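Single chain ahead, written as structure tokens, the form predicted on its own.
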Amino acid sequence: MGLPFAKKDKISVAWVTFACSEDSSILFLELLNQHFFEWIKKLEFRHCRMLKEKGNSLDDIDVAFIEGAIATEEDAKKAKMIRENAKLVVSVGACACTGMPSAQRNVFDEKTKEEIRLVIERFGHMEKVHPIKDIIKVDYEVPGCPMDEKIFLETLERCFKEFGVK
């Protein structure tokens, strides 16, 4: 059986963060330190604001890792654009996979919703917070807050295999 995607020496990746605490980003940086000499041969960072200030691009991505929940229409629009430009999308962390804890406000009582209405309107937030899969198709999920390290490494390995990266 052939590979689902054209074989590559490196996969182009994006790490994008929406509404969350960014604890999975911190864990990812720790993992990058541990696996640097292995991953430098296998990963090309197209978009990763925590690694590079300039030159980030969301064009022609093999794997997009998305951390955080979708709270604004702008976030939803950006997530859809990422989906159009990425062959695989991986939701990373609890906010991306379930919307929680950011989505706690979805179940607030009417009194509490009214108390936060000014903040919601001021920052252009949607009525509800959504996990990534509510907005776009997600290929893999890495749950946890921060992300489950073992599942992330297994998922990354699956991505390498899908592109024939050794």
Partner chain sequence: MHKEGDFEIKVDSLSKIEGHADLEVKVKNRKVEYAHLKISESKRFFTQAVRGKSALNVAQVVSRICGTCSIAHLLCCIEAVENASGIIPSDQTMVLRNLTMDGLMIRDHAMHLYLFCLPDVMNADSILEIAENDRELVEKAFEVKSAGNELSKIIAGRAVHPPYPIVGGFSRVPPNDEARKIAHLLKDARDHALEFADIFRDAMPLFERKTHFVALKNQNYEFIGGELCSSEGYCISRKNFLEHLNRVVKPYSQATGFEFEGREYMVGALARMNLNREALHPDTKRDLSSMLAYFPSNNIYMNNLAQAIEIVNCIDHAIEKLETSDFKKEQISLPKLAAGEGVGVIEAPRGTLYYNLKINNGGLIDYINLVIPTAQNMVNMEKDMEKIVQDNLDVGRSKERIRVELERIIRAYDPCMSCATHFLKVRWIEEGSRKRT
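Residue numbers count along the first chain shown, from 1. From a predicted model like this one, the values you see are computed outputs, not experimental measurements.
Only in words, not in the display: the form predicted in complex with its partner chain, which the text now covers.
ask   = Do all of C20, T112 and L118 end up near its partner chain in the predicted bound form, with near meaning a heavy atom within 4.5 Å?
value = Every residue of the candidate spot has a heavy atom within 4.5 Å of its partner chain in the predicted bound form.
ask   = Wondering, does I136 line up within 4.5 Å of its partner chain in the predicted bound form on heavy atoms?
value = Output for I136 is no: heavy atoms all beyond 4.5 Å of its partner chain.
query = Taking heavy atoms and a 4.5 Å cut-off, does L88 contact its partner chain in the predicted bound form?
reply = So L88 does not count as contacting its partner chain.
query = Any of the heavy atoms of F45 lying within 4.5 Å of its partner chain in the predicted bound form?
reply = Yes - in the predicted bound form, heavy atoms of F45 and its partner chain come within 4.5 Å of each other.
ask   = Counting only non-hydrogen atoms and a 4.5 angstroms cut-off, does A79 reach its partner chain in the predicted bound form?
value = No, no contact at 4.5 Å.
inquiry  = Within 4.5 Å of its partner chain in the predicted bound form, counting any non-hydrogen atom, which residues from 91 to 115 show up?
reply    = In sequence order, C95, P101, S102, Q104, R105, F108, T112, E115 come within 4.5 Å of the partner.
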